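Here we start with a single chain on its own, the form predicted on its own, put down as structure tokens.
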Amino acid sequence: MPLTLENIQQKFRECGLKSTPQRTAIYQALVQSTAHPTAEDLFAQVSPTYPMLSLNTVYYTLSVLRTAGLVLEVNIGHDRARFDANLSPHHHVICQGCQNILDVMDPRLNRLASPSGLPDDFEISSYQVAFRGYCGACRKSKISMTTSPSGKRPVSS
């Protein structure tokens, strides 16, 4: 169910955040995305509607939203942080070719036992399982790049 403007403003009030048009637009774009966008992605999406918006404002807004607990920062081996408004317990599948991130909603992964060997006084507050590999498009691309013009794969020596 998409969040209405009223829902977003209510969430901001509950977190003690000021509701500005830019902040609302950035959050709404993030809520509507399943692509785990970067700050740059969100800037490109929102700036046509708000031409005075700066990339710095997007970074600041994401920091405020993360601190307020409205978004998660997903930084799983990427050069830039990605953001996720899906706060329900979930994990990720990451394509090592195109860097796409997909959500994995498997409750079995939320019941993993604590690893052995942790100090007795260590309390785990959260964890995330990340599956890495190559999506179908990247696998096809890798195969076509390793295939010679004759259609045969090069022979390894």
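A residue's number is simply how far along the shown sequence it sits, counting from 1. A quick note: this is a predicted structure, and the numbers were derived from the prediction, not measured.
If you look for the form predicted in complex with another copy of the chain, you will not find it shown, but the lines that follow are about it.
Between the options 95, 39, 31, 70, the residue in contact with another copy of the chain in the model of the complex by a heavy atom within 4.5 angstroms is 95. Site annotation in the model of the complex: the residue of 49, 114, 63, 110 reaching within 4.5 Å of another copy of the chain with a heavy atom is 114. Interface residue remark: residue 17 is not counted as part of the site for another copy of the chain in the model of the complex, having no heavy atom within 4.5 Å.
Contact annotation: residue 44 falls outside 4.5 Å of another copy of the chain in the model of the complex, judged by heavy atom distances. Among residues of the shown chain, residue 81 is one whose heavy atoms approach another copy of the chain to within 4.5 Å in the model of the complex. Interface membership of residue 139, defined by any non-hydrogen atom within 4.5 Å of another copy of the chain in the model of the complex, is confirmed. In the model of the complex, another copy of the chain lies beyond 4.5 angstroms of every heavy atom of every residue of 15 to 33.
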